[in-house]
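Take a look at this single chain in structure tokens; it is the form predicted alone.
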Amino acid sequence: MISTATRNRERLLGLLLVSPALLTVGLLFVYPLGFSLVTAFTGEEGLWTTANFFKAFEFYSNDILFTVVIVVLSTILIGLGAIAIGGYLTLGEHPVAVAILKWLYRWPLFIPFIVAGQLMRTFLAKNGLMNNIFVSTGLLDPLQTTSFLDWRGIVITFVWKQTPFVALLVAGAMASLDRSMIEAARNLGARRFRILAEIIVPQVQPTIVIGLILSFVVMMSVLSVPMMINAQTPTMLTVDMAFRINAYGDYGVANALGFISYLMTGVVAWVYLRQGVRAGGAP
């Protein structure tokens, strides 16, 4: 039998081992989160108030809707792209094409968002690389070129940057599936799209959901991409928060906007936790 003193020493040793990690999380995440939430409900006189939220909705309601639309649209496109890449890596019949795609699609993983934003500024501009390619190949006249440095550029950048992350998770889940059902469907004459949609995707759906939720949370927190690409209104909440702080020193409204972002990500975080509980309880 283990004595009570021994158990207490083991518990104390365990707490000492995890204390650096707990201290880091507390100082860098829990404290800033709690401070921002308190500040969001604090007025200029130091009293509790909801005036910051009324001001946030009065000035930035269009930006809140814009943020939701941009992030949801990007998430949907990321999911479709990840499924397409993972499906071709799993069902592709051309080894060279599969090898090239496997090597190529991962590159955006290693590029920070601020670098991705700068790349897209030169790629999607009216006189950028994309339009120059179209003009040089005769697909467009110089007068027909248009700039994509608006909401479309934000979506393109988010999709280009985050699709490899989700595709890596999805492709790994697809590769671990039992191929007997896939081969049986092929022997019965099923096409690759039907195999992907009806056999593979339902089995890897939890992985897809988790990858998309993580991407949703990441895109909600990005400042560099909307600031560098979309120099107009409406814009995303991260830009509004930076503007309220840098231009007015208004931490109350900025943190109110942050609280609204917390609520948005909290919804998808609840889905993530629910998915994790289901996966943990699965036999």
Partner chain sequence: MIQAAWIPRAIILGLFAFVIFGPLANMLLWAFTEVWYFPHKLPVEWGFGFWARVFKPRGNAMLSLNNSVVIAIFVVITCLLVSIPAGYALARGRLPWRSLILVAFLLPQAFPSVAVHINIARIFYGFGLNGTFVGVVLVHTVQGLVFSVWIATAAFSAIDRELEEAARNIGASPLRTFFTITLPMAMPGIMASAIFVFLQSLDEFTGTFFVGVPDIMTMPLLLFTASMEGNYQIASITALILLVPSVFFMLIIERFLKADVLAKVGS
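Numbering follows the first chain given and starts at 1. Everything quoted here is computed from the prediction, not taken from an experiment.
This next part talks about the form predicted together with the partner chain, which is not shown.
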State the residue from L177, M181, V72, V115 whose non-hydrogen atoms include one within 4.5 Å of the partner chain in the model of the complex.
V115
Looking at 198-206, 183-191, 72-80, 93-101, which lies within 4.5 angstroms of the partner chain in the model of the complex, counting heavy atoms?
93-101
In the model of the complex, does M228 have a heavy atom within 4.5 Å of the partner chain?
yes
Even though the partner chain is not shown here, does M220 get within 4.5 Å of it in the model of the complex, heavy atoms only?
yes
Consider L119 of the chain shown here, and say whether it contacts the partner chain in the model of the complex, taking contact as heavy atoms within 4.5 Å.
yes
Interface membership of R152, the partner chain in the model of the complex, 4.5 Å heavy atom rule
no
For the stretch 225-242, return the residues whose heavy atoms include at least one within 4.5 Å of the partner chain in the model of the complex, in the order they occur.
M227, M228, T238, M241, A242
